[in-house]
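Read the single chain below, which is given as structure tokens and is the form predicted alone.
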């Protein structure tokens, strides 16, 4: 009996969670954590939106704790589809979208990966380099083979558009591609609107399937409509798409794990069939999703006053991140750094792909008690008016001989 688990070795630490552990263990009064992937205010504190607090007040004591259906909250899903496909979408009207509540964006990706494996068992998923590390884990554990495509250009710290287009053209016809709808994680580099149109056109020519992970709608620019532009372009061009949505970042509902998976189909009959299969996959995985976060989201989005408050609050969060980008770049330039820091303000969203080498990151941690992942990804949410001068000086010190 005692030998059953003898062959089990400790799992490697998650690189992001490991950064937080090291930060918490550091006793330095000057320590800074710019590795965390969650929003913080200018005092470095977690935020609960007022629209969320008000929704919770309205929900409290009014509902039972019964199971949701396997597909989740119908009302929450309906409101979520309006955000991604458009308030007056013909696809919603014609009931062409198969959609289920998911366990945030991670759960939506995993559910789709399993769906892909079941109904296209010989297919692969094309994933950008780099991408959110968990994307690789999700499709690997769903046993979907992975290929990569060019995305980030290290020299310009921008988009490798030529490499990306070549990889789209050279992929086998009818390939699955994972795309970040906005605020690409970890680089903060997004295609322009015109580049998205060219990508969509090439997808159409090759018959590829676009699966969008949209974890930051509203949080990137402060405008949910603007942040859904990439998806709208593909819809205008007649693509069938898949979308993973999450309310972790844009409503601060990290721990509620509330999201949505949707798949646009050819007609209502096909959508019903696809939804039934998504529910069938969910049943042995987690049976049905949790109710509280879904109630918060549906309460906010279905009430004009609360939705207006949410739009105001999500813009405040986005604007703070954008402001910190500007301030960090200005601080570095004032120090006389010989390097170009334009990419800090050219990129968008929570993360700045700084261009720092792993050895420079190590110096930031060992000499200045600044914690981030070794790929140089800075979470702008961890940057505040109180620590930005210290952070900029430290970055200047480790890069001035570069």
Partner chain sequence: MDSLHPNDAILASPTSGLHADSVFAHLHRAPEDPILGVTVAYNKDPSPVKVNVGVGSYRTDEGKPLVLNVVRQAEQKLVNDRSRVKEYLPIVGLAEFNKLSAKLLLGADSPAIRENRVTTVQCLSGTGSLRVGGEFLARHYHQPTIYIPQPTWGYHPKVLAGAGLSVKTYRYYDPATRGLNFQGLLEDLGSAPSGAIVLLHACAHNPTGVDPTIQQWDQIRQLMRSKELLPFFDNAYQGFASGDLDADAESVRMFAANGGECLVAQSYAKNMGLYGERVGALSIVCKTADVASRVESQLKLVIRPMYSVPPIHGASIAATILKDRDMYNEWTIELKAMADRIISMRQQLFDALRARGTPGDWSHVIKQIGMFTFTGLNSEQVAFMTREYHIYMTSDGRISMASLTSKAVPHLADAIHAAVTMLSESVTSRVSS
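Numbering follows the first chain given and starts at 1. The structure presented is a predicted model; accordingly, all values stated were derived computationally and were not measured.
Another form, the form predicted in complex with its partner chain, is not on view; read the next lines as being about it.
Annotated contacts: 38, 107 and 132 all touch its partner chain in the predicted bound form [non-hydrogen atom within 4.5 angstroms].
In terms of contact with its partner chain in the predicted bound form, the residue from 333, 50, 26, 342 that brings a heavy atom within 4.5 Å is 50. Only one of 78, 225, 237, 198 comes within 4.5 Å of its partner chain in the predicted bound form through a heavy atom, and that residue is 237. The stretch in contact with its partner chain in the predicted bound form, judged by heavy atoms within 4.5 Å, is 114 to 122, chosen from 114 to 122, 149 to 157, 304 to 312, 322 to 330. When its partner chain is considered in the predicted bound form, residue 218 lies well away from it, no heavy atom lying within 4.5 Å. By the criterion of a heavy atom within 4.5 Å, residue 230 is excluded from the residues contacting its partner chain in the predicted bound form. In the predicted bound form, its partner chain sits within 4.5 Å of a heavy atom belonging to residue 249. When contacts are judged by a 4.5 Å heavy atom cut-off, residue 180 does not count as touching its partner chain in the predicted bound form. Taking its partner chain as it sits in the predicted bound form, the stretch 264 to 294 comes within 4.5 angstroms of it through a non-hydrogen atom at 266, 270, 272, 273, 274, 276, 277, 280, 283, 284, 285, 286, 287, 288, 289, 290, 291, 292.
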